[in-house]
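For reference, the chain that follows is the form predicted alone, supplied as structure tokens.
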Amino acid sequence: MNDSTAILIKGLIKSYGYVQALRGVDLEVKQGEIFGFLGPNGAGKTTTIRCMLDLIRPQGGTISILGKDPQEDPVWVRAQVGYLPGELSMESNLRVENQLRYYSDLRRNRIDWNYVHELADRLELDLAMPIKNLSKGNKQKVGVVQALMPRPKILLLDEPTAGLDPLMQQEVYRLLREAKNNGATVFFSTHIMSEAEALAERVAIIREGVIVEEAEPSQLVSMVMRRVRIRFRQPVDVAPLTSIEGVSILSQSNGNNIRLQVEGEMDDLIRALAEFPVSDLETEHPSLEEIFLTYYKAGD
């Protein structure tokens, strides 16, 4: 592990009885990046995060957080981390501010309360409201505030925008980007593809306890097939296009319009089209959600 690595996981294995939740997870997250961890419920996202904080212990593999093994020094590791669990435990009879002060006490009161009030204002969170009167979305805001308020070196966020409306989701994205710009590493799990596309600089897709792909979102999009619609000024013979590697015809009408599927780069197709009377061309890129679903089709 070098100085630029915030999180390093190798060969992580975790079982719950006969259920093997993690089957050799490998991850490396650089300091100061926003990393998305994608997968549906039960894929192993939460288990991975809990192992990173030594809240549960794996049967195999190694974890390093800022150069420290969380099993050897869990107190130090947790002091560096702002953690938002999937379900945050709160005392229903406390007011929001008192709940946050309780979290502050756990961190030995090393909290800037001006910053806490700024976070609450931006998320439209009423600090005087009793926890028991909060909606699910407002409880989520409390979780976001408690994770951000110590200005930690690492943010570990399990489904950070669950229950929030679209405007609040965008505000959370802004807060996380600001944290990144101030030097924090942001690691968040999600099953919302638009969230990963909007926020993450790199993503990993986990399937049944194994990382099946890791790349920048734009790289994942370029790795899969795209669809191309071409309109010609007059009917043409498109047979030469089918000889191009990675190109197949999906549909054709009247010889003037054609719909292709292209796997890989577009260079050869573009060069071949220079010989045709093209009047219009449209490309349709797959979304990250389509890519995600591709990895979750039945079979390996």
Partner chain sequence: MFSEFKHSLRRLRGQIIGWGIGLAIYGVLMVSLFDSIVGIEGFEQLIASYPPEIMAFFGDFMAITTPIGYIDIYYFTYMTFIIGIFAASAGASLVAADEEKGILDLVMAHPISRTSLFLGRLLGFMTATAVILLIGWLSWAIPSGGTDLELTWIEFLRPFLPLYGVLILFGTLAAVLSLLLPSSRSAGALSGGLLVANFLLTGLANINEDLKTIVKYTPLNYYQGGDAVRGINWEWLGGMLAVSAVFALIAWWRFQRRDIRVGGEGGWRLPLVRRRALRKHGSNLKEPA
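Keep in mind the model is a prediction, meaning the values are calculated, not measured. Residue numbers count along the first chain shown, from 1.
From this point on, the text means the form predicted in complex with its partner chain, which you will not see here.
- The shortest heavy atom separation between I258 and its partner chain in the predicted complex exceeds 4.5 Å.
- Within this chain, A128 is remote from the site of its partner chain in the predicted complex, having no heavy atom within 4.5 Å.
- Within this chain, D54 lines the site of its partner chain in the predicted complex, having a heavy atom no more than 4.5 Å away.
- Taking the partner from the other structure, its partner chain in the predicted complex has a heavy atom within 4.5 Å of a heavy atom of Y103.
- Just one listed stretch, out of 174 to 182, 161 to 169, 85 to 93, 188 to 196, contacts its partner chain in the predicted complex at the 4.5 Å heavy atom level, and that stretch is 85 to 93.
- Note on contacts: among Q59, Q252, T62, T242, the single residue with a heavy atom within 4.5 Å of its partner chain in the predicted complex is Q59.
- For the options R78, R202, K153, R226, the one in contact with its partner chain in the predicted complex, meaning a heavy atom within 4.5 Å, is R78.
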